[in-house]
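First, one chain by itself: the form predicted alone, in structure tokens.
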Amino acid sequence: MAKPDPKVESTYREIRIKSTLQDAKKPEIQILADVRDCGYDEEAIFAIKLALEEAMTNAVKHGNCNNPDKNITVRFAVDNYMVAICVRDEGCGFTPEEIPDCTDEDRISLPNGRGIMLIRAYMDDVEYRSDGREIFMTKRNKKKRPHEPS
């Protein structure tokens, strides 16, 4: 099997879990271990952890409506230069542009609704696919450039 390459989705590793907040931590453990092994700094590790937690929570709560009979599929690849993560739920999807802006004056005091904004703020690239059932996000390792040796 080919080594996982963030630029080639067919090489990604896959973890499938039940749609519970407890199980949602399982992919994070493996992904962050790979990130650390590849020499990402603490700032990048924090960003990836936060974005992944938000994506997983959104998949459980909003995508799969807290239904533990549904699954979440996480596909990912990590190398010295980039992390790519796809989180897919079994829900009906959504249109990201229709989500209210959490920084609007009438929404600023609400205790939820910031996940999408945080993911976009902390990851380098964010794309919603399959009518909002999948989020694809990447983070580049600022400490290494592709032309540098590993």
Partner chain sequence: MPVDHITVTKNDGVSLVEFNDRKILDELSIRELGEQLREVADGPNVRVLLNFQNVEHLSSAALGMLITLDKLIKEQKGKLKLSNINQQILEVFKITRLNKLFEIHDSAAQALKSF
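Residue numbers count along the first chain shown, from 1. All of these numbers come straight from a predicted model, not from anything done at the bench.
Not pictured, yet referred to below: the form predicted in complex with its partner chain.
- Checking 106, 97, 37, 43 for any heavy atom within 4.5 Å of its partner chain in the model of the complex turns up a single hit: 43.
- Contact check at 4.5 Å (heavy atoms) against its partner chain in the model of the complex: none of 12, 77 and 79 pass.
- In the model of the complex, residue 125 stays away from its partner chain, with no heavy atom inside 4.5 Å.
- Its partner chain is not shown here, but in the model of the complex it comes within 4.5 Å of a heavy atom of residue 57.
- Contact annotation: residue 115 falls within 4.5 Å of its partner chain in the model of the complex, judged by heavy atom distances.
- Using a 4.5 angstroms threshold between heavy atoms, residue 53 counts as touching its partner chain in the model of the complex.
- Residues of 9 to 45 placing a heavy atom within 4.5 Å of its partner chain in the model of the complex, in sequence order: 21, 22, 25, 42, 43.
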